[in-house]
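We begin with a single chain expressed as structure tokens, specifically the form predicted alone.
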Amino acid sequence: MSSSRERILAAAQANKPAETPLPTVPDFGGDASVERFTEVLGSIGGRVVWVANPQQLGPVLRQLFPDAQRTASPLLAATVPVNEQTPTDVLADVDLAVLPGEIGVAENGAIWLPEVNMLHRALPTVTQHLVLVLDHRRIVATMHQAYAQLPSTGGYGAFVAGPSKTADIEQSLVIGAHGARSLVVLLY
């Protein structure tokens, strides 16, 4: 004699619907141009700066952020060593985080930032200013196209679109309210 549990599980198994294939997502096309990405990012408070190659990061950053004393980055000589164990009170003093972005999305100005590129999950939101370095050939037109590439970029990550902002109070836009006060994307 079977238990109630076994009868319920057997009934559920017998009434399991057949699997159906997922629908095909159409290609929505779109404009994957650097111009579109730059326009949209600018409209949400971010800024695009061109660099000829990643080796020019140091001089460009000194020009853009002359007052930045505490810098965290895997891309250049940093003054604050950061890893996933770094206490958040240390991160709170970081003036500038320079991190490699993986995918840019022209339709909304977002950049995919996988956890492996963040140094610490909190760093992109705790730093005063955030710089993402992106290969312009990695810009896609839509979020559909970006998501199609995500399986190859690792596990956790975030799409970062512009600096922190809110318009919760009387719909007045405030930049830098809850996170990085500015976002610059260095395209090469």
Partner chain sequence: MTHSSRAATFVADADRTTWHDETLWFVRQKRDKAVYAVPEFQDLRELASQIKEHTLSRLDEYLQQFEAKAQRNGVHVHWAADAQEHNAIVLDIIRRHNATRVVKSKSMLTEECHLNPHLIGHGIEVIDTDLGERIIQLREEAPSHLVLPAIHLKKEDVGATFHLHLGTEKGNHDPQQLTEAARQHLRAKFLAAEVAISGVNFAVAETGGVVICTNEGNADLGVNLAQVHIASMGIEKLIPRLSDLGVFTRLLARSATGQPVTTYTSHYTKPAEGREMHIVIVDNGRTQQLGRPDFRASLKCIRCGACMNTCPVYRRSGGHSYDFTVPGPIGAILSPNIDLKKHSSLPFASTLCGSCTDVCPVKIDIHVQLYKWRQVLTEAGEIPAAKKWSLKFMGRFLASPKAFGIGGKVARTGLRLLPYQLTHAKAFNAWAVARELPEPPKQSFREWYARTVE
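Bear in mind that the values here come from a model prediction, so they are computed numbers and not experimental data. Between two forms, the rigid core is the largest collection of C-alphas that superpose within 1.5 Å. Positions refer to the first chain, counted from 1.
One more form of this protein exists, namely the form predicted in complex with its partner chain; it is left out here, but the text below deals with it.
Novice: Consider Thr88 of the chain shown here, and say whether it contacts its partner chain in the predicted complex, taking contact as heavy atoms within 4.5 Å.
Specialist: The answer is yes: Thr88 has a heavy atom within 4.5 Å of its partner chain.
Novice: Counting only non-hydrogen atoms and a 4.5 angstroms cut-off, does Trp50 reach its partner chain in the predicted complex?
Specialist: It does not: once its partner chain is placed as it appears in the predicted complex, Trp50 has no heavy atom within 4.5 Å of it.
Novice: With the cut-off set at 4.5 Å between non-hydrogen atoms, does Gly45 touch its partner chain in the predicted complex?
Specialist: Although its partner chain is absent here, Gly45 would stay clear of it in the predicted complex, with no heavy atoms inside 4.5 Å.
Novice: Is Pro66 close to its partner chain in the predicted complex, meaning a heavy atom pair under 4.5 Å apart or at it?
Specialist: Pro66: no, not in contact with its partner chain in the predicted complex.
Novice: Please name which of the stretches 159-167, 66-74, 131-139, 52-60 has residues with heavy atoms lying within 4.5 Å of its partner chain in the predicted complex.
Specialist: Contact criterion met by 159-167 only.
Novice: Given a 4.5 Å distance limit between heavy atoms, list every residue of 48-84 close to its partner chain in the predicted complex, or none if there are none.
Specialist: Contacts from 48-84: just Glu84.
Novice: Please state whether Ala11 has a C-alpha shift of 2 Å or more between the shown form and the other one, with the rigid core used for the fit.
Specialist: The answer is yes; the displacement is at least 2 Å.
Novice: After core superposition, I'd like to know whether Ser172 moves between the shown form and the other one (criterion: C-alpha shift of 2 angstroms or more).
Specialist: The answer is no; the displacement is under 2 Å.
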